[in-house]
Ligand code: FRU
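Presented as structure tokens, the chain that follows is alone, the form predicted alone.
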């Protein structure tokens, strides 16, 4: 990329291979679905400003998970409230009656959020599309599920063949509620799931339930929640491994430790694509509520992670979720891939970049830097720990938590390759065969010009 074009991207904080809207505010991914040959991404969007405002659903699509086509807005606020997060299902058997057997509908299941007289209510509603998601009609019987709660949001719905019913899970404060339905309109309460040892002000959001398989063919259900506290200090994507009963989730006995999908702060509100066969592809909002509205902007604010394929790995400590960039991402970004030797100092001729680094010994270091900024990764395979320090490249963000270290332990028997995806405003790190994954935003005034590894890092 020409130097002046690259500098313009840094001036505007515009990533190259991460989705962001052309203008306005962006947060949670919604309604992820593979349909009609495209991956469709709907998302929380305020098109008229760069801070969180009255939420709409934005819409984009892609064939390769890297180059995105931004489409017209899908859902707008109405008299029932603004449009919060939700999901998309393909009602193949037309159980809802919104389409026909010959032309089944896509159905968006989302949260309406209504504020008035100092109070807030959240309830679940429907909208349907008969043209592949290009336009939507809201159901005249909305809302379809109202518990008269202020915290009741982010529905995830899927068809469960063993019972012949739709299953919904939605967050409610510090727990996940489960419901079942035969037609998407009438819902019966099932079970509830809550964790242990939670903080008094802890909130769970954006639940998702998927079934993953390890390399030996063992399958486990995994429940994801985005965990937060009111001060946004304790934040991230937590997961539980267990079983699905058809009406609820049961964590495995003894699973009380906190397992997080990412050791960076900038991975939140994860969702998975439907209709992807046996593959489970997850994408998240690349941000953190602690400082999301303080980040530099240029008429837009917010981006998504690269889509990641999920797996399951049995370790000496138990089962762990693994994440690696989806195969489409790998294929598209092969032109950026560079294999980096240990104990080297390299001029960075091209950014963005994808870097593969394998330390020669038990310890490795990578330092991305220029005369004003530095971002360092340190990994210890003997101890099983990776640490990322971005404190040298976030001085324009006025929040102390942007400067903190991120770290994670991992299984010491994992392979030693380290993969780093470096874009204009972010770095995503995949270590230990995808067991240790870190997502970090960074903001600097000009591109990194050097990469230093191993003992040469000072």
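Positions refer to the first chain, counted from 1. Quick caveat: nothing in here was measured; it's all calculated off a predicted structure.
Below, we turn to the form predicted in complex with this ligand, even though it does not appear here.
- Stretch-level contact analysis of 361 to 369, 315 to 323, 78 to 86, 242 to 250 against this ligand in the predicted complex, using heavy atoms and a 4.5 Å limit, identifies 78 to 86.
- Using a 4.5 Å heavy atom cutoff, 28, 52 and 206 all lie near this ligand in the predicted complex.
- In terms of contact with this ligand in the predicted complex, the residue from 268, 179, 136, 357 that brings a heavy atom within 4.5 Å is 268.
- Checking 90, 336, 300, 289 for any heavy atom within 4.5 Å of this ligand in the predicted complex turns up a single hit: 289.
- Using a 4.5 angstroms limit between non-hydrogen atoms, residue 153 touches this ligand in the predicted complex.
- Heavy atoms of residue 44 reach within 4.5 Å of this ligand in the predicted complex, making it an interface residue.
- For the partner-free chain shown, nothing in 101 to 133 comes within 4.5 angstroms of this ligand in the predicted complex, judged by any non-hydrogen atom.
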